[in-house]
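Consider the single chain below, provided in structure tokens and representing the form predicted alone.
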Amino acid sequence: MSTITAIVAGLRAGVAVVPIAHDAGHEERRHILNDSGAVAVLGEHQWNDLEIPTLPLGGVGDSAPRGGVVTDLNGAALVMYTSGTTGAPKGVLLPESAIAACLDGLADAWQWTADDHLVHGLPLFHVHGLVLGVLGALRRGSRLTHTVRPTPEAYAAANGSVYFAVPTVWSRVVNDATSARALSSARAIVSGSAALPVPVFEGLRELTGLAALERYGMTETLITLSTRLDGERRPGHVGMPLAGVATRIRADDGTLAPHDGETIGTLEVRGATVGAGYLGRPDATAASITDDGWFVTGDSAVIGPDGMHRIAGRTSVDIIKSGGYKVGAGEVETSILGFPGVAEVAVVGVADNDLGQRIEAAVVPEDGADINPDAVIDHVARQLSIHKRPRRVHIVESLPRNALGKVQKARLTEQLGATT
């Protein structure tokens, strides 16, 4: 509750709010605080390494200092940090107008009203849990139950009308038939943050009587696509553009690809839900926008003649979607390279029935170094968020490379997957 109170207080005060994961490691936290130009931390926390003041909730405290405030926020209400393919996370600028357009579009697609009771246990530092799961309920005026942990048992006990979860959670619900059947009184279950496996979609429909609503979006664009409550819900598909959003796909040769249900292209979007770019990174902002103003998602998609979208996968192998989280391989690699004795490292996502993808690392030791894989995992968990840690670390003699010396991550993923 303190997190929700702090975020709403900041938004009502008209200041940009920067959510940070409670389990963020020292280096990740320091980067976000420095990069965002934050002047204070609002509410209680367990961090003892902060160099900026803490403002208490619900009481008289010091005012936030006014010096050193970042000025290029472009009217952002939220600055949400997201991992890229390389380097440290970038701050995405999300104005109130984009947030409102996203939530209103979803309310239209899902027929979300004040009579609903939303239930979820998603983290409150991502778009899914915070923007949709908290601000969405507040905008609609609907009841919200946050289960803290998104367990099948907690969902079953909540007696909600709408449930949000990531595919990993829905997979666990399907494996708990008793809990799954308890959701049959709901009117909608929504899945997002990663692709929902078709067997899980079918399992939910069999056990709950409900076909899941799937949607697609990014931190940079918020939610842009969704299946509709009054429309077709096709397994493996994420629906149509929300109101005010347009989409297209671009082929590898740079031409626009046809919407024929077969051709795969890189998905581009534009419209009211798209954010205002990256904080302090005009280069990255410019690189993500086409000359005619479309945001390049970096995801591959197929669009049918009827407008139904299917996400084919990440154009880049360096974004790993694990348990509903999006993790940049480059950020994890940077952390591992700081571990004593590591000469080279490559991080990939390996297919996993529970997590969607699990983070695995291939580490080449320096000559004579004796590296403990568990120590590497603990190192990453301390530096970054716990969910960014590799689930497995493989000690290898070399990494597969092409003639130009670039690591062949697709080949490495196959090799690591074959060892499970």
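Only a predicted model underlies this, so the values are computations on that prediction, with no experimental measurement involved. Numbers follow the displayed sequence, beginning with 1.
There is another form of this protein, the form predicted in complex with a small molecule, and it is not shown here; the text below is about that form.
- The putative spot formed by His128, Val166 and Ile223 is fully lined by the small molecule in the model of the complex; each residue has a non-hydrogen atom within 4.5 angstroms of it.
- Taking the partner from the other structure, the small molecule in the model of the complex has a heavy atom within 4.5 Å of a heavy atom of Ile386.
- In the model of the complex, no heavy atom of Leu93 sits within 4.5 Å of the small molecule.
- In the model of the complex, the small molecule lies farther than 4.5 Å from every heavy atom of Ile32.
- The small molecule is not shown here, and in the model of the complex it never comes within 4.5 Å of any heavy atom of Gly330.
- Checked against the small molecule in the model of the complex, the candidates Gly265, Gly217, Pro152, Gly271 yield a single residue with a heavy atom inside 4.5 Å, and that residue is Gly217.
- Proximity to the small molecule in the model of the complex, defined as a heavy atom within 4.5 Å, holds among Ala381, Leu55, Val39, Val364 only for Ala381.
- Considering the small molecule in the model of the complex, the lone stretch of 174 to 182, 109 to 117, 243 to 251, 322 to 330 in range is 322 to 330 [heavy atom distance within 4.5 Å].
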